[in-house]
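So this first bit is one chain, no partners, the form predicted on its own, shown in structure tokens.
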């Protein structure tokens, strides 16, 4: 699993990858609004390894969700549009397909969604259809992608509810989303996403708004199901504690770009980008004895509409140099498997 990023015309994107199942190459997704162009994703290269978990972290508005909604081709158009780049899905039969080139309403993309790449959305109450029982929603997904009868699809739905540890799954099949607790709805979303055994699971803030004990249960469930289905996981989150438990590698995003990528241990014990250091310092640590329990990152994330010269983090960085305001740092390896876009490491 690996990542690289093209930040200037002279920089060549060469994603470091170990048997990648998904590769994003110089992906750019913009939103064309009346007041200007929002560069939500501005040249991201990421490779996800088979049976691995990639944690994607960063502040709100840095482009995490839009990057992987682009993979699913779920960016609303207009105003959103993928303006450049490739999204390469490397299938089990050694065939590679560029998702960007597929018709967003076509059969081929519809076959990929759910069957090969599935997504757990941030808020299950708005993702599940309130008008239909959860069993019907799962079985409809199964019918769409697998050659099964309605009875067999419903049995598959019951089996998936059992797999996500929902008690009395036969009764729950006929219940509506509003009749379930938040934790149960999140489990239903996981069952729905995994009902067709996808190779890739994209989880967008899967534990948001859940209490701590339910969060732990959901994370344990995702690990268990990853082992069962041999899935690769992209975990999008603000919670660095979740990342430390779940991820094999971590990509840190800032203003539509990846600024650091490394194995999870290195991110926590040897962070190289000042923004990554700032994120880690912003997390409360039990037992910290200094006067400052939290060290916030000063300032705000710039608008993605701005044309920024140099490093986008320069105005907030405590170690800014003159070159930081003049030239965009090139994203490259500073150590084996550890890549960073920062002039401090040139």
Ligand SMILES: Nc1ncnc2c1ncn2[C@@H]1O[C@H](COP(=O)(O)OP(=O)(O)O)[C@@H](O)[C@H]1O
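Being a predicted model, the structure only gives us computed values, none of them experimental. Positions refer to the first chain, counted from 1.
This protein has a second form, the form predicted together with the named molecule, left out of what is shown; the following refers to that one.
Participant: With the distance limit set at 4.5 angstroms and only heavy atoms considered, check whether 248, 268 and 277 all reach the named molecule in the predicted bound form.
Facilitator: No, the candidate spot makes no contact with the named molecule.
Participant: Could you spot which one of 321, 33, 300, 283 gets a heavy atom to within 4.5 Å of the named molecule in the predicted bound form?
Facilitator: The residue in contact is 33.
Participant: Tell me, yes or no, whether residue 52 is in contact with the named molecule in the predicted bound form, where a contact means a heavy atom of each within 4.5 Å.
Facilitator: Looking in the predicted bound form, residue contacts with the named molecule do not include residue 52, since no heavy atom lies within 4.5 Å.
Participant: Does residue 26 reach the named molecule in the predicted bound form, with heavy atoms at most 4.5 Å apart?
Facilitator: Taking the distances in the predicted bound form, the answer for residue 26 is no, it never comes within 4.5 Å of the named molecule.
Participant: So, residue 63 and the named molecule: in the predicted bound form, are they within 4.5 Å at any heavy atom pair?
Facilitator: It does: once the named molecule is placed as it appears in the predicted bound form, residue 63 has a heavy atom within 4.5 Å of it.
Participant: I'd like to check something about residue 43: if you look in the predicted bound form, is any of its heavy atoms closer than or equal to 4.5 Å to a heavy atom of the named molecule?
Facilitator: No, no contact at 4.5 Å.
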